[in-house]
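Coming up is one lone chain in C-alpha cells, specifically the form predicted on its own.
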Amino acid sequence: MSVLARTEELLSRPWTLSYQEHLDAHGTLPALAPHEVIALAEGAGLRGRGGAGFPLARKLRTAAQGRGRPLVIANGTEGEPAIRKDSTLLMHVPHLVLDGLALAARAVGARESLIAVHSGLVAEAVTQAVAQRPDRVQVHVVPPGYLSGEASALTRSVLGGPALPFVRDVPLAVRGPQGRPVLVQNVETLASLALQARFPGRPPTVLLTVRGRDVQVLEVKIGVTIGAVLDTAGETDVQAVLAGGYAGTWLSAPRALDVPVSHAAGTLAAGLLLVLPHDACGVSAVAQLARYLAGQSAGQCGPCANGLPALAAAWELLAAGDPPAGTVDRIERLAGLIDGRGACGLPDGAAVMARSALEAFADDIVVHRTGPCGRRSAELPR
C-alpha cells in the first residue's frame, strides 16, 4: 500500500506535473482503436469509482451505440466533505485523468469532452494541466454542494441548466437532457483506464480517503481488508468504521477489520473509511450525518424534502437520550419509505447509512433509550 498524501499536503498548493514530466514518467498514450479501449476496460474489470461501481466497459459500449454525438464528462467534483481522493489525484497527476478522458472520448466517438471540478486549488491545477495539452478539453466549474456532482445534476449544469438532479427513464449514456448520450465518469476511473492502456494486466488498485486521527489518501489493492488499510494508516483506536462515504455502511469493530474493501462487500463506493474512536458517540455521529444529508436535498421530491429531515429528527431524538417510544421503529420505517423513491440516489444512501447504523450501534442505542451515553459528540467534517 502507498500513502499518496497526508493532511499537511492536502492543504498545500498544487504540485501538478507538467505534461512533459508526465510523459517522461508514464510514456506516451497508446493509439488504441475505439473497440480496443472498450475491450481493455472490460478485460481489466474496471468499475466506476464515484460510488455506484458500474462496469466502465458497459457504459462505454452503451454511449458508443447511442444516437447523436456523445458528450464525455470527467467528474472531479468530489462534493462530499470527508473525501479527498479525487482532489489528491487531480493535484498529483491530472494528466493521467486527462489521458483517460481522451481514451473514453475515443471509445464512444465523442468530439466534446470536459472535466468538472469545484473552484479552488483543484480547479487551478486542472486548468494548468489542460493548457499544456494538445487535445481540447473544457474545464467546467460547478457550484459547491453534495448533489452538484450527481451525474444528472452535473450534466444539467454543464449544458447550462441548474445543478439539480432530474428523473430519467433511461441512463444518461443512452440519452441525456438534449437527446444525445452523455458519459459521466469519476476521475479515478479515467486515471485507472489510462494506466491499463499503458500497462495492460496491471492489477487494479483503488484510492481511499482514511479519516481518523489524521487525513490520508492511500492506494490499495481491491479486496484488502479494512484492518490492513487502517494498520497502514496507523489507526488503532477503532470503535466503528463508516465505509464508502456519508451515504455508506457503518461497521462495528472488531468485525469491520476483517471486511474486504470491494464493490462486492459494499465497502468501496466513494472511497472513504471514516474511523470512529471509542470515546466518541456513534449515535450522535449518525444523527450528524443524517442531518447533513437532509440539508443537501434539492427539495424536488418527497423522499428528500420530507423523508430525510424526518429521519434526521428521529436520530437526533435518539442521540439526545430518552427518546419517545417507537423512535427506533420510526427510523426503520422511514428508511424503508425513502429507499428507491427519490429522483437521485441521495435518499437511498441515507437509508443504507441509517439501517447499518442500527446494527452497528445496537448496544449504544439500548443505552440511549434511557438517557445519553456519556461519550463525547463526534466531530465530522461538513
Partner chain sequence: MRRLRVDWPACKAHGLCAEVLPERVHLDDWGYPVVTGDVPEDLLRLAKAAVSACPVNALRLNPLKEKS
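Positions refer to the first chain, counted from 1. Please read all numbers here as calculations on a predicted model, not as lab measurements.
Another form exists, predicted together with its partner chain; not displayed. Remarks below refer to it.
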Among 170 to 178, 251 to 259, 281 to 289, 74 to 82, the stretch whose residues bring a heavy atom within 4.5 Å of its partner chain in the predicted bound form is 170 to 178
Residue 205 within 4.5 Å of its partner chain in the predicted bound form, heavy atoms: no
Check whether residue 320 has any heavy atom within 4.5 Å of a heavy atom of its partner chain in the predicted bound form, and answer yes or no. no
Considering non-hydrogen atoms and a 4.5 Å limit, does its partner chain approach residue 62 in the predicted bound form? yes
I'd like to check something about residue 342: if you look in the predicted bound form, is any of its heavy atoms closer than or equal to 4.5 Å to a heavy atom of its partner chain? yes
To verify the annotation, which of these, 306, 232, 225, 128, has a non-hydrogen atom within 4.5 Å of its partner chain in the predicted bound form? 306
One residue of 143, 302, 266, 109 in contact with its partner chain, assessed in the predicted bound form (non-hydrogen atom, 4.5 angstroms): 302
